[in-house]
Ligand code: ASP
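First, one chain by itself in structure tokens, the form predicted on its own.
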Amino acid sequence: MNVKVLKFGGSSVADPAQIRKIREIVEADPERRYVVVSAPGKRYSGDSKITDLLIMLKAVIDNNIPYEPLMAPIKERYTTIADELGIDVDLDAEFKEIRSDIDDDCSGNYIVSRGEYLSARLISAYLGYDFVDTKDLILFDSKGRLLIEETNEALSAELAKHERAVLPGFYGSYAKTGKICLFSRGGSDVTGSLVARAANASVYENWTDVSGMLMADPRIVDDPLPIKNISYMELRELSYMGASVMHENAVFPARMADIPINIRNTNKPEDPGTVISNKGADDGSIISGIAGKRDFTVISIYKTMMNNEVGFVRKALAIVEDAGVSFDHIPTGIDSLSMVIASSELEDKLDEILESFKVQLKPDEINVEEGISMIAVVGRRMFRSVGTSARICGALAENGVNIRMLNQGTGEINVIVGVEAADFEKAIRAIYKEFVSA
């Protein structure tokens, strides 16, 4: 029998009604054997996510403020779920242990991880599945980097002991110390992908509150078309540039094992969603999607005969690295080099970087431009289609959008366009109309 791994996000485990939907989905297919869950999300507008409450709890504890007033509503959320669903889990004992660990000066990561832990404890009991804690199965090195092969070995060995199980997402532990280590927000997607690989799954179903991915942001483009199929590489490009249906790093474990990812809607389980695979789309479409991010800073360095100066680019990158800043794009010319950096990365480091550029690189000129927006047009078939970049430029020109930067990756699955902040939404609509609405 094939094995399917499912991950349910915060909106899918937010309240008893949503968790009932999870059971219906799981029981509809006997191949759905391993379930990864997030902490409960918002039940309504203005509500709080459990993870946010736990982060607040950590801050309260760090400032030596009595934490019980904040612990009470957290416990109440889980108690409500357990009572309404008739789940037999001793939450009093669970919270007694958490309080004891807090009083013993546990780590902040431990506190935040309890959201997923308690969610998995309840849902495993509700489904009648085994509970498997990911703490000692998903392993990180001392710098918080995932040990992917060690993790796969540990997960595979443990899953072999359980025909069906529920696992908490979002956390594991440092391999050397055994202390809790967290993924970045949305990391339960990564947990699901790791479990899918370890279980040698036929598919990894990522259940959320949308019916897959759309070709553009619906807040910008009216009623954009859904993406039925997309490749891992295309998804990575779109996720990085703002298409946030799932955690961008969730692709890698599934891709390593050639496991398709199916993004599904818990509230509309009949919808097919989006399938992400090595193959991607096969419908002849030129582009798969459009995504973008705002607020970049472009640092442009000009120096005559730059191309003949051995190590120039390496020196420039070393300066940025030493400042603890990562870059997004590096368009180059014979005598010029530009670095496109998220403005949030620079903060108060810009002056330091510019001074180092002047001293170490001795450029003829340095220009800094802030408030640039970047748009990615992504599609595997673009390199086979003559005039794709011309169509992008033409659509923008017809709509009065000035292109500040244009860069096409050597992989030829994306074209990156830089525009002024005021033109961001207009540019996305123009490109979408050119390729999809025409």
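Numbers for residues come from their place in the sequence shown, where the first is 1. Just so it is clear, the model here is predicted, and its values are computed rather than measured.
The form predicted in complex with this ligand exists for this protein as well; it is not shown, and the discussion that follows is about that form.
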Stretch in contact in the model of the complex with this ligand, which is absent here, among 34 to 42, 366 to 374, 62 to 70, 398 to 406 (heavy atoms within 4.5 Å):
34 to 42
Going by heavy atom distances of 4.5 angstroms or less, which of 207, 204, 296, 170 would be at the interface with this ligand in the model of the complex?
170
Considering non-hydrogen atoms and a 4.5 Å limit, which listed residue (219, 185, 176, 161) is close to this ligand in the model of the complex?
185
Is residue 237 near this ligand? Define near as a heavy atom within 4.5 Å, in the model of the complex.
no
Quick one: is residue 388 in contact with this ligand in the model of the complex, heavy atoms, 4.5 Å cut-off?
no
Where, within 113 to 135, is there a heavy atom within 4.5 Å of this ligand in the model of the complex? Residue list please.
116
